[in-house]
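What follows are structure tokens for two forms of the same protein chain, given separately as structure 1 and structure 2.
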Structure 1
């Protein structure tokens, strides 16, 4: 009779049963990875940009591979804990193992191939996301602790009516002379469906990270360097706090967020920008009203560091910088004495050169914000009303170039400057003297 003894593996070979086991385990790992990969849509918000599908597909591939590796590692760990456990009565060391050259080559080669493939796929996705698109809209983004600001260049034609350009503010005339558009800034990012957008982003102080989970885009902002990110919205909606900073940038990093509004079409988009443009073309005649509107718009990061009771509805609840309640009284007394400046000059300098004088107990954290000259003087006029009495304890004289010639669109009849000032003063919350005495203030 023929011998029935089991066949021995040839030198350097594997038993048939071992090969079968490896194949079965490999298939199970691949299936398990695919099953885990199906969780991709559950991990992310709705896809709201044309680029989102590419990013999700790449992540899906990575999750499938990572899931298979996870199952392999954990499976071997559990198997080893069971198969090579110490039996009852065993007290000696385990059997010494020299190694397996074939196994070492395999577990080095496979990860190398996986990393190479993922690198190629990631590079393709990155190039696709960064490639300029026809007709893309350009938006300038400024990131500063702890705020986002978005600047658009828009033509006067979006207004739908004629404007006498000779009566517009000097800075607006300069804008129009450059390229026929006017730059406007908002604290909200606006766009519309299927409009490619290119953001040119700058950091005013430290490194920030522009992250929009719904659009699947993320890009760092680096001081002294302009970085770019591109996306094309596909879902019309309002995304509250849709933009987040993903780089720890300071004490109030968690509030560095901004809303996104995606309109259905260009006409709706223009309607969203029209009020912002009109506020630039026809600023209020009263500098107090004008200054309050600027600070209330939150286009500057003042509100993220300072508290001001009069603007609490605009989320002025910052605690990083000195409080601004009662700032006019201190500007006219202790701060004027410390700096040898008039109260108005002191407030102006605090905005334009925040490091020139530091309130005792606070560091030099406020960045150079690049606030236009007329906006600074309007802010000074408003801050001058933040006193215990609710009225300005000193006079703020506006430069001639900052006095608007027109205070509203054609057909509008804004109230006289005196009435507007009185109305603004009436709305200002009077801070008790004891609260003012405790507050330290300055800076915008």
Structure 2
């Protein structure tokens, strides 16, 4: 009460000066908010999907409102600090104002209205993001530590030439659907401009999250259920590391990335998929080459956990699982002894059923990836060549169904000789029953 300040800034009566001050400050805040809102495009990455435009627009509105509130609070704070500072030598207290019901109602009501409006706007945008779009393309996504794989159903017709279906590899024949489509898998997500896409996503081990910053979409992949995310790309471009895992999934979570390629139109898109389809239809005859090609394609997450110098160009630098340099030697000696399997069987089991035998010092961290039978055998053939001597210390015999009948699209070389010997040898070997395993593995 010893106050010497004459003014009464919060008194109840509405004086003309108060009204003018409130109006002026209000206008300044709105202008300030709008100016801050201009920063929106700078804060986001490239706007490359229909969803991104909606999200950015919503954020722009929130930034204008939030910016105005920010300026209001900081402004009041700084103003009060200056205006109501205790001067030197000043004693005593401020005015005993305990409250002002009108004011309190106002600052309860205004935020309430603001959040009500924001809720409605967000709801609308969210509904539009979730709604299925007509003519959606469907892609199956598998997330496994620490890799993405995308599976497309592609009609053989995109090849532009006739394919003799009877000469296709057996697993492709099984996979060939009635509508003439075959599934192909790639480590890159392909799409084209204005084509709505719906991804059906499964997690193989832990929870992952599919995030494309340029598209502003994100959805978790949860073990045990299939989740969906939708987007419509609008800008043709290549997005290196455009997909990023956003849910902590372990040691190399930060590099669980994948590229996106958005083509101009459907024709370009088909052109991008053609080589992948051809490699599926006409795999190289030599299982070692085939295995190497599979491992190099990064369709399976092996490279994110294992290191293998021979494939370092394909990013094989993982540090979670055992190193694979010289794996053939170990398979032929210590591991074969420990598991009482042949070296080839050991390698096969390690991929097919990773928990069956654990290399000392490593936990049971590798998931069952559902790799198709023939792919496993091709990988085994390639891994058998990874010895210090440089040549395979043991022979890997491919099961019948895994031996391709044609080696390339029309016009290319016929299958090389020498297949016959391998085929003959296969008959004497006991091989697991593939047909059923294949069917399940390729079921997607």
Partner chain sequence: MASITLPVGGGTQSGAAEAPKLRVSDFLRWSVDHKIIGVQYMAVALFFFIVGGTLAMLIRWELLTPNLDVVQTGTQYNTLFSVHGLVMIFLWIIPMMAGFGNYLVPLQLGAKDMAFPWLNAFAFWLIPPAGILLIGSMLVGAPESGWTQYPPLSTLYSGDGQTLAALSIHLLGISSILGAINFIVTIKNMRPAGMGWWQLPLFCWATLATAIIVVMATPFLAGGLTLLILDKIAGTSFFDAGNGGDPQLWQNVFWFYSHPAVYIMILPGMGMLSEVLATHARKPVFGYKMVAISSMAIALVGFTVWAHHMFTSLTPELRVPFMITSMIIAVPTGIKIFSWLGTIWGGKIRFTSAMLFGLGFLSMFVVGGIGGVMLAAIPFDIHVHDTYFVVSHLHFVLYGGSVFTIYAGIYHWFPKITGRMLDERLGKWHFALTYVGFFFSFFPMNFAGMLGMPRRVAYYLPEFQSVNTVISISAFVLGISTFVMLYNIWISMRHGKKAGANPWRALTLEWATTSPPPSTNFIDDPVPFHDPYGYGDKDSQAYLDDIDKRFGVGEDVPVPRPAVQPAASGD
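Owing to the predicted nature of the structure, the values given are computational and were not obtained by experimental measurement. Residue numbers count along the first chain shown, from 1. Between two forms, the rigid core is the largest collection of C-alphas that superpose within 1.5 Å.
**Q** Between the pair I just shared, point out the form predicted together with its partner chain.
**A** It is structure 2; that copy is the form predicted together with its partner chain.
**Q** Taking 2 Å as the cut-off, check whether the CA of residue 111 shifts that much or more between the two structures after a rigid core fit.
**A** Yes.
**Q** For residue 90, is the C-alpha shift between the two structures 2 Å or more after core superposition?
**A** Yes, the C-alpha moves 2 Å or more.
**Q** State yes or no: after fitting on the rigid core, is the Cα displacement of residue 50 between the two structures at least 2 Å?
**A** No, the C-alpha position differs by under 2 Å between the two structures.
**Q** Could you state, for a rigid core superposition, the Cα shift of residue 120 between the two structures in Å?
**A** Here residue 120 registers a C-alpha shift of 3.3 Å.
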